[in-house]
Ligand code: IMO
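Below you will find one chain, with nothing else, as structure tokens; this is the form predicted alone, and questions on how it binds or moves follow later.
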């Protein structure tokens, strides 16, 4: 029986991970965010009540569950406080008592967002399609070893000195390279100082606490943000996020030893979507793509940007399976395919006159791929809210089985609606 499970996106993000994290949190003592920042958007629906989480782990809605933000996350103190206040307003008054923030987290500060916006604007049509929330610039500062960390919040005077030094550097770049007006130092500093008193008590030695859970035999869930092909190293560069989104990042970004992980659940939609720019071989520009977008409410949880939609891409998922050592898949939004006469599934690509069955690692090659489709019968019956595999229409069962055959990977969970109870559990990751 698995005790430590990593759950992550197997496509380009927005796969519906938040719902499955929320569902599985019933079985754990701890939920851990290990990368990304408040560019993430995990939508959790309980009893028809929707909550969108950005920085906070999806386990925050569960009592008696410890929630951790690991050092692989870039932490915006102001965004965190805003999100906590939103939960308090919803009646989740004890959220701060169950939240621990890694003291080595890199901070995302107000000037990072301005830098992000300036760079995206300067790129014009070549813009990456970031959320413009400062994630990339915050990771740049981290890697350049000039960024501030959560531990810097402990001593206010020292924090102000460090903030001032980095602020002046970025303000110079913004004025002299991007031609922007001077930043408002006092406004930005006051904004962060107002959040410090709330964030400071939450700081902790997260790796030590996670090891204590491990020694105690506790079941734990590691929650990824974004998706595999937005990974800074393994994604469709440069149209990627600024962190590692693959399973290996769960260890690096949390400080939890890699051999302690038992199970990797890769989450994929029953079709494919992506937000922002970049190659997308199975993208549909016709009425079917529009239908998927409308029925699936395909708008980003964080930005409300429309998602591009297309058929399920097996070569893409094959790469995802071995990049993440995926144990099993969670397939989401099966019900969005209801009512289609025929459903295409991409089983390979044509690339430079050859046929390949795994997405190429070189972005330029990936952009040149032409999908090879296999046509499967659709179904008229509704799968919405179905909670048993046997109760699915015959064609829907065939569709899921064909995915398993093509990927040589079993499907553990299938969602058939937004609410946490609208799910088919074929194999529970925690046994």
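Residue numbers count along the first chain shown, from 1. No experiment lies behind these values; they were computed from the predicted model shown.
If you look for the form predicted in complex with this ligand, you will not find it shown, but the lines that follow are about it.
Open item on the list: 268, 309 and 403 - do all three of these have some heavy atom no more than 4.5 Å from this ligand in the model of the complex?
Closed with: Spot residues vs this ligand: no contact at all.
Open item on the list: Exactly one residue in 244, 282, 130, 324 has a non-hydrogen atom within 4.5 Å of this ligand in the model of the complex; which is it?
Closed with: Going through each option in turn, the one that passes is 130.
- [ ] Would you mind picking the one in 316, 115, 135, 199 that has a heavy atom within 4.5 Å of this ligand in the model of the complex?
- [x] Checking each option against this ligand in the model of the complex, the one that comes within 4.5 Å is 135.
Task: Per-stretch contact check against this ligand in the model of the complex, the hit in 140-148, 177-185, 342-350, 269-277 (non-hydrogen atom, 4.5 angstroms) - done: Within 4.5 Å of the partner lies stretch 269-277.
Task: 4.5 Å heavy atom contact, residue 396 to this ligand in the model of the complex - done: Because no heavy atom of residue 396 falls inside 4.5 Å of this ligand in the model of the complex, the answer is no.
Open item on the list: Is residue 14 part of the interface with this ligand in the model of the complex - any heavy atom within 4.5 Å?
Closed with: Taking the distances in the model of the complex, the answer for residue 14 is yes, it comes within 4.5 Å of this ligand.
- [ ] Examine residue 80 and determine whether its closest non-hydrogen atom to this ligand in the model of the complex is within 4.5 angstroms.
- [x] Taking the distances in the model of the complex, the answer for residue 80 is no, it never comes within 4.5 Å of this ligand.
TODO: Using a 4.5 Å heavy atom cut-off, state whether residue 41 contacts this ligand in the model of the complex.
DONE: Yes - in the model of the complex, heavy atoms of residue 41 and this ligand come within 4.5 Å of each other.
TODO: Within 4.5 Å of this ligand in the model of the complex, which residues of 229-263 have a heavy atom? Give them in sequence order, or say none.
DONE: Residues within 4.5 Å: 230, 240, 241.
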